[in-house]
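Single chain ahead, by itself, as structure tokens, in the form predicted alone.
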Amino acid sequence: MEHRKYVIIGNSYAGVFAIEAIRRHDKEGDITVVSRETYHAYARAAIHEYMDGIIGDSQMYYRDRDFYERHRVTTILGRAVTGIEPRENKVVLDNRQKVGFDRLMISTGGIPITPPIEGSAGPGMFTFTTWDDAKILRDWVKKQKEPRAVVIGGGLIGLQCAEGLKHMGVDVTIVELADYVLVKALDQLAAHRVQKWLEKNGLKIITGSTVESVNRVKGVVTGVKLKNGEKLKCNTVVLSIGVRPNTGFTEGSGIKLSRGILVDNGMQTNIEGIFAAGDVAEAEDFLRKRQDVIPIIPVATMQGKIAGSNMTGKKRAYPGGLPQNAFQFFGKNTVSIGNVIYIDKNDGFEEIIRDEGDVYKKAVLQYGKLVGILSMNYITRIGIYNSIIRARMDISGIKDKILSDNFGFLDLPEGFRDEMLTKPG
């Protein structure tokens, strides 16, 4: 194998799994990682638990501290990429340094959406997607005599931030534009139950409205005004309405974009030798068979593995991304996989529901095939459900068992069981 220079932009899940895939197939090539953040690879999904003190610094890292050394990776941390020069095979950093590559992977993730809101510029206004965001917000809250926060956005990040703030003793109100929280992850019934649980644990939630303006007195946040006219007192505002792929530095490079960076089933962009993975990439959706950005960790890790392999010349095809959400609020767990929201009986959809006490489970079938699973407070067998969805197997014959406590591996056809046990991950 020719001696190659691999450059990876971004140091989160896709980047880490790409490094491991590259080293699996190429022991000698040079690997350089460039990241605007200064940290060793850390768990972004845990920043709310770091903020409220449940976990400490050392628990934020999901790879050993000698990870880069063992994989012989050169790191350039604390530097942002400002441009890509495909003809020269170089990336340009914010200090004007240029780094050459033979194979490049872009895994720069997403950046918070920050719509213009009157009065939002100035202290007391925060976003919540990075470790530094969590540190800055934590330090700010600790300085407030009576900390009172408004979190704009009732998606997963917003709710995790709100829970973290509540654990810190903050009076928190969540403002969500949709009619219920977690609108992209859960059906309405499940979302309402999550909302009731959050409210029972002290969070206030307002749906069907959003923040129109942030009020300040001599520059200090004193409250917000909602579009429905309601006014809320607060000294802290967290903007958490979503993220968009971080692609600004690709301008002028010729790399094709839609919502994110368009890639083929090898995670390669329209420019040979340049790949993309993770929250910045727009790849095939497994169920809908169309290009989409699916900003979740399981998709980022799979894409990173496949991009890393293909960068070395070891061909692997991306099977398509599957939406998956797993979260816990105040000790109660919920998991959703695939399509649990869009149900059209005219298009062959069928719901199977089990609703008993605290346990709520729903399976969604389309023309006899499992396409979605939702489970609240009972999260066993999730791996089996995931495999069934991926297999596109007709489960009409076992659909009455699928949500029962006794459903398991032995209920599946023998050929499928054999495939599950022998197929490499």
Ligand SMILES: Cc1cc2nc3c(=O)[nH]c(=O)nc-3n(C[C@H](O)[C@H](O)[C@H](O)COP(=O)(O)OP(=O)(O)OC[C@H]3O[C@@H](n4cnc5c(N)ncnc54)[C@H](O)[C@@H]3O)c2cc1C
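Numbering starts at 1 and runs along the sequence shown. In this text the structure is predicted, and so the values were computed from the model without any measurement.
The following text describes the form predicted in complex with this ligand, which does not appear among the structures shown.
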Open or blocked, this ligand overlaid from its pose in the model of the complex onto this form, 2.4 Å backbone/C-beta test:
open
Out of the stretches listed (305 to 313, 275 to 283, 230 to 238, 181 to 189), which one is close to this ligand in the model of the complex, meaning heavy atoms within 4.5 Å?
275 to 283
Could you spot which one of I341, V99, I296, I117 gets a heavy atom to within 4.5 Å of this ligand in the model of the complex?
I296
To verify the annotation, which of these, K369, R36, R390, K399, has a non-hydrogen atom within 4.5 Å of this ligand in the model of the complex?
R36
How about F126: is it within 4.5 Å of this ligand in the model of the complex, going by heavy atoms?
no
Does T334 reach this ligand in the model of the complex, with heavy atoms at most 4.5 Å apart?
no
Non-hydrogen atom contact I47 with this ligand in the model of the complex at 4.5 angstroms:
yes
Interface membership of N246, this ligand in the model of the complex, 4.5 Å heavy atom rule:
yes
Of 141 to 173, which residues get within 4.5 Å of this ligand in the model of the complex if you count heavy atoms?
L156, I157, Q160
